[in-house]
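Take a look at this one chain, the form predicted on its own, written out in structure tokens.
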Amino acid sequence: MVEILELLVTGFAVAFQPQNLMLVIVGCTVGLFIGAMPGLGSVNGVAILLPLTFLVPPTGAVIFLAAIYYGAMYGGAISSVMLGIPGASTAVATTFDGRPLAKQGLADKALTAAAVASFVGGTISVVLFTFFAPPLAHVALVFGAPEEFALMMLAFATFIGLGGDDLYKTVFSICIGLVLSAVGLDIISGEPRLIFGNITGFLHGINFLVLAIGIYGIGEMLWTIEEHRKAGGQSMMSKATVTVKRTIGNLKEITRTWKTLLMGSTLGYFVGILPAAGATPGSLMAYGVAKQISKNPEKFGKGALDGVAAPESANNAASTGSMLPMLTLGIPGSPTTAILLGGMVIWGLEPGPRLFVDHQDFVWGLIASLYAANLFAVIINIAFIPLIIWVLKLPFTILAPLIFVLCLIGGYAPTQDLHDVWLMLLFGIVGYLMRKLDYPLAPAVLAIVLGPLAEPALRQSLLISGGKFDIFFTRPYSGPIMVTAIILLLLPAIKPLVRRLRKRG
């Protein structure tokens, strides 16, 4: 413990060198705007800015890219709250309650909650990273395909309850999402499937952001236009203001969500350290768990503060967690850390157990910079809230075309295929109709996120076991996770039976 603290002090001496500190501040600021732009996200931001890092030493380069990653995790909540468009897949769950809060004139509360939750999640995860890296790296190493599938099943189980009391509509929504996630090329045979009459645009599958931006961006815009007309043309955001008194009140209210913050941070971190999992499943699972353990689950989806705190604390914790297998095992925990890994190899830094011995200044400088990035990111984020609120107060005649243009950019950016833009517009109309018919949108969106992760894990597991499903129950890690997932899946069916038995009794 004393040795770790000494190494951390050495790391702070590296992180707080003027050049590295400036790179942290610039990286957090750039990342904030990258995260807020629909369709960009941390992956594209880090990839685009990677060449710039060759102008600085390797330690400064990784610190800069890590700061961008951190800033982007914070920034993803901005467009989710402001416009109802997820800035990245990691911020989808934030949209569920962040957007309703903004519509109620409480955008400042949602943005402050997102910033504080991100700070708490980031801080807890960096502390866990600092003191428990080796044993947690071992846990990540023993996670194979069966454990990954069990984890995905647990994620599905946690959001079965997201669709409200109508279980049939929720299951239908999940099935639609799973079907859409299967579009493209079969992962084993390479044969095309569900490409709707040989439409070549479907060969690369349906990009998650295309679906999310269509349903939550275009669909939300169509819904808001209808509500706007009913409201007589008045802006629903006109009540949103930022004052010192309101900010202090918001911070006091956010402290009441401390249990959710702890849960989201811990869950997000442990999901983040698992290879191929990343921040998106972590944030979705945290939202589902927060709703299930809440005393007022009916408020979720209508502007619950816990519904913002849980995913934001989880996705920031997971972003730090995903760096652990990258540094200790050389296995990227997320797409962004895969790019960071590539950069480290180019700079002559070989990730793995020897990295902590041969390049101590680099490793502990990076860990210390995460503490600094976390602090500066929350300060920068809260400082920009008045500007964000000002944008929300723009007349809807200006805001609607702006949202539409951002949606088009976000739909085109991931694959640069016009097919996806048309698909996004179609999803927008479907999303609007689903809202009119009172079908839950969240399960469909979450299913298309987890489907591509769950399918390869399932098929690889069955290939390993020769088609036997007992592989999911006989292994020490996958067994307990799978049993927990099955119990959670059965709970919605058991609850009505319990109610009936109580009435008879």
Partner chain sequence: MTVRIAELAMAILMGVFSLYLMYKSAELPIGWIPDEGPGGGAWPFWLSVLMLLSCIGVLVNWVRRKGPVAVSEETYIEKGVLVDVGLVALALIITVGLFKFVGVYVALPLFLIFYMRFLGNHSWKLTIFFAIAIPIVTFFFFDIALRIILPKGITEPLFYPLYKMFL
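Residue numbers count along the first chain shown, from 1. Just so we're on the same page, rigid core means the largest C-alpha set that superposes within 1.5 Å between forms. Everything numeric in this text was worked out from a predicted model, so none of it was measured.
Form predicted in complex with the partner chain: not shown, discussed below.
- A heavy atom within 4.5 Å of the partner chain in the predicted bound form is found for one listed residue only; from 119, 300, 129, 149, this is 149.
- None of 346, 402, 391, 379 but one reaches within 4.5 angstroms of the partner chain in the predicted bound form through a heavy atom, and that residue is 402.
- For the marked spot (54, 182 and 454), a heavy atom within 4.5 Å of the partner chain in the predicted bound form is present in each of the three residues.
- When contacts are judged by a 4.5 Å heavy atom cut-off, residue 135 does not count as touching the partner chain in the predicted bound form.
- Taking the partner from the other structure, the partner chain in the predicted bound form has a heavy atom within 4.5 Å of a heavy atom of residue 439.
- The closest heavy atom approach of residue 466 to the partner chain in the predicted bound form falls within 4.5 Å.
- In the predicted bound form, residue 193 approaches the partner chain with a heavy atom inside 4.5 Å.
- Here the chain stands by itself, but in the predicted bound form one stretch of 288-296, 195-203, 70-78, 305-313, 195-203, has heavy atoms within 4.5 Å of the partner chain.
- Along 206-223, residues 218, 222 each place a heavy atom within 4.5 Å of the partner chain in the predicted bound form.
- Remark: with the core as the superposition reference, the CA shift of residue 361 between this form and the one not shown stays below 2 Å.
- Residue 298: CA moves less than 2 Å between this form and the one not shown after rigid-core fitting.
- Core-aligned CA deviation for residue 222 between this form and the one not shown: 2 Å or greater.
- In the predicted bound form, the Cα atoms of residue 218 and residue 110 sit 3 Å or more farther from each other than they do here.
- The Cα-Cα distance between residue 441 and residue 108 is lengthened by 3 Å or more in the predicted bound form relative to the form shown here.
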